[in-house]
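Taking the form predicted alone, here's one chain by itself in structure tokens.
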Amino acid sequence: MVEDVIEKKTVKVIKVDVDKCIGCRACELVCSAFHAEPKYSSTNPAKARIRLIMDEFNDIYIPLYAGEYTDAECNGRNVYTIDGKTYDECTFCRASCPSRDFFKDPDSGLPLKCDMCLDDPPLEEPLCVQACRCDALTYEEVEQEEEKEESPDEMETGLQSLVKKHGTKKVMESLARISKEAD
């Protein structure tokens, strides 16, 4: 039986204040160095999990960090005007998707996702936040309540699939036979 459960979860968030960002790109450099192989051996902003959307002429800089991969293109193509310049919704999207190369590794083509600089031992806060000298990036751990549907475990899901395909009687007979063989 599947039932809803309310669960408290700590969510790690990098907050972005675009009014404070000066476009220095230090966040991109430290991120790419942290994720280089071997670690800190090179810097390549194209491999960073944070990117800066820049409009230098209008002094607009918007840091975006990589979100979840999506294997389908979105339908949203809304257009926004900021200080007289037009941006489409894709510009501000954090997802790696089939329609653009943003947040994809330039060598392998694999999608990139921000892992909050997961390390052992854990860092106090992600490196992009540490490198940001103008406080445009801040790190927070926020506790959220979410309603989570309790789902069956892997074995139960497999058994449900077998019952749908072969019927309860056949599955029970097979389990009985297997358990006799195991004894």
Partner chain sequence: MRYAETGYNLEIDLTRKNIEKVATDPRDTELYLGGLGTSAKVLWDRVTPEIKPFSEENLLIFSAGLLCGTPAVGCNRTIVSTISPQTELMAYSMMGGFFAPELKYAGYDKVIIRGKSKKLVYLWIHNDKVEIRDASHLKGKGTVETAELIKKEINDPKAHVAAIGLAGENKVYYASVEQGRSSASRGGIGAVMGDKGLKAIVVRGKKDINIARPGEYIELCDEVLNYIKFREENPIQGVPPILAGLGSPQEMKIHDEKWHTENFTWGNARERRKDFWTEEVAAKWSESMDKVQTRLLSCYNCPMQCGASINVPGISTYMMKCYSKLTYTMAAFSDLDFGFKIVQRATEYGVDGFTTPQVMAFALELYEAGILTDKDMPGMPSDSEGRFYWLLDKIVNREGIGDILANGTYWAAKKIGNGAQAYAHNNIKKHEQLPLKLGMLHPLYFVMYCTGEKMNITQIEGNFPQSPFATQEDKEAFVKDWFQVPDDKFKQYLLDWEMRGEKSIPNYPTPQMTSEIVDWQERMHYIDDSLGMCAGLSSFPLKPPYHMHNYPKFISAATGMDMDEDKLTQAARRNRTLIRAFNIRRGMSRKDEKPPEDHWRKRFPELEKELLDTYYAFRGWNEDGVPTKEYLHELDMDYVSQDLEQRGLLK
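Predicted model, so just to flag it, every value in this text is computed and none were measured. We call the rigid core whatever largest set of C-alpha positions still superposes within 1.5 Å between the two forms. Residue numbers count along the first chain shown, from 1.
Same protein, other form: the form predicted in complex with its partner chain, not shown, and the subject of what follows.
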Its partner chain isn't shown here, but in the predicted bound form which of E73, D88, D83, D101 has a heavy atom within 4.5 Å of it?
D101
is_contact(E56, its partner chain) in the predicted bound form, heavy atom dist at most 4.5 Å
yes
Residue-level contact is defined here as any heavy atom of the residue lying within 4.5 Å of its partner chain in the predicted bound form; does R51 satisfy this criterion?
yes
L175, heavy atom within 4.5 angstroms of its partner chain in the predicted bound form
no
Distance check, V16 to its partner chain in the predicted bound form, heavy atom within 4.5 Å:
no
Please identify, from 33-41, 154-162, 137-145, 118-126, the stretch that has a heavy atom within 4.5 Å of its partner chain in the predicted bound form.
33-41
Superposing on the rigid core, do we see a C-alpha displacement of 2 Å or more at D83 between the shown form and the other one?
yes
